[in-house]
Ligand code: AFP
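We begin with a single chain expressed as structure tokens, specifically the form predicted on its own.
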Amino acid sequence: MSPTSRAGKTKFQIDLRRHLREHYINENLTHLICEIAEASKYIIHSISTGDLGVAGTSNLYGEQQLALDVLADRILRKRLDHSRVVANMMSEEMDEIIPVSPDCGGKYSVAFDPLDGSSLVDVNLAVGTIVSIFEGCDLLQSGRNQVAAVYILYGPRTTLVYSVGKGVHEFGMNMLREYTLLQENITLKPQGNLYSPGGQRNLYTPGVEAFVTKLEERGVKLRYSGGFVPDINQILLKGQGVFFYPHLQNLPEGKLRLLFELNPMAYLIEQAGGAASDGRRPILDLQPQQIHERSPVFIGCKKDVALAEEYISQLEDGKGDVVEKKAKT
């Protein structure tokens, strides 16, 4: 993209709201995405200055909540509640859908992980916010029905990546705490030279182990931060690579949550020309049966994801190692 495009304006002068309007996004969705961006300004301030201790509470998974988890959740819920364009919302930190408005017309339902990777904050590693947006009141839909997905990365700099089905675009927070355009239409190569593996390797199933061995034989480099948002961001901005947190021998459904983490990231990766699979079928075709459903994931360059599916199909079919999920018909 030319830095002096758009009638003499540099790309760094194009803010998020203007970019959404230039893509003819309706006013309510534009407002919602901008509200999420606004919430992130308060979240990054909390990360920089807030309490790194525990909140004295646990989430529904039995995981001890950090004070920052609770604060980030409250900030995002408050912005969404006051946006006047949200019908329902669901946080990874909560155990039920939160109704906002009984009127679904022109409104959206939002699922979000307010501070993904929060356990990395105290060692000063990058973390992020992940958001999935559906039209209307229903959150238990196939990810294929998303109308937008957003993530915000809180690293050495704060960046926001979004898609509304018209490409994937990156914005950076400037000194005035405004998001301005950095890159438009980010794309992935068909095959990459880096991989980010989650889970204990000694618990990998035969197909996953064969897949990793093949990557290593090809000379693919291991690049894993321990955070889902920074690892996906690395793949997108480098234009190549594959992330996976597979089904494990003791964890057949994987670790990551379909609604809060996998659907939005799969939407963004597909929009960039990549693929996302549970090892058998596209993530976006999975029909969630419950709010906090988990799934294995292989996400990134198309050929790398296809290779994982091939090994799983060859070595695990009929052995029950890959959990069957209902795909929306």
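Residue numbers run from 1 along the displayed sequence. The shown structure was predicted, so the numbers you read here are calculated from the model rather than taken from an experiment.
This next part talks about the form predicted in complex with the ligand, which is not shown.
When contacts are judged by a 4.5 Å heavy atom cut-off, residue 183 does not count as touching the ligand in the predicted bound form. Contact between residue 261 and the ligand in the predicted bound form is found at the 4.5 Å heavy atom cutoff. In the predicted bound form, the ligand sits within 4.5 Å of a heavy atom of residue 118. In the predicted bound form, residue 144 stays away from the ligand, with no heavy atom inside 4.5 Å.
Checked against the ligand in the predicted bound form, the candidates 154, 171, 211, 243 yield a single residue with a heavy atom inside 4.5 Å, and that residue is 243.
Note on the partner interface in the predicted bound form: the residue among 190, 136, 206, 226 having a heavy atom within 4.5 angstroms of the ligand is 226. The partner is not drawn, yet in the predicted bound form one stretch among 95 to 103, 251 to 259, 82 to 90, 161 to 169 has residues with heavy atoms inside 4.5 Å of the ligand: 251 to 259.
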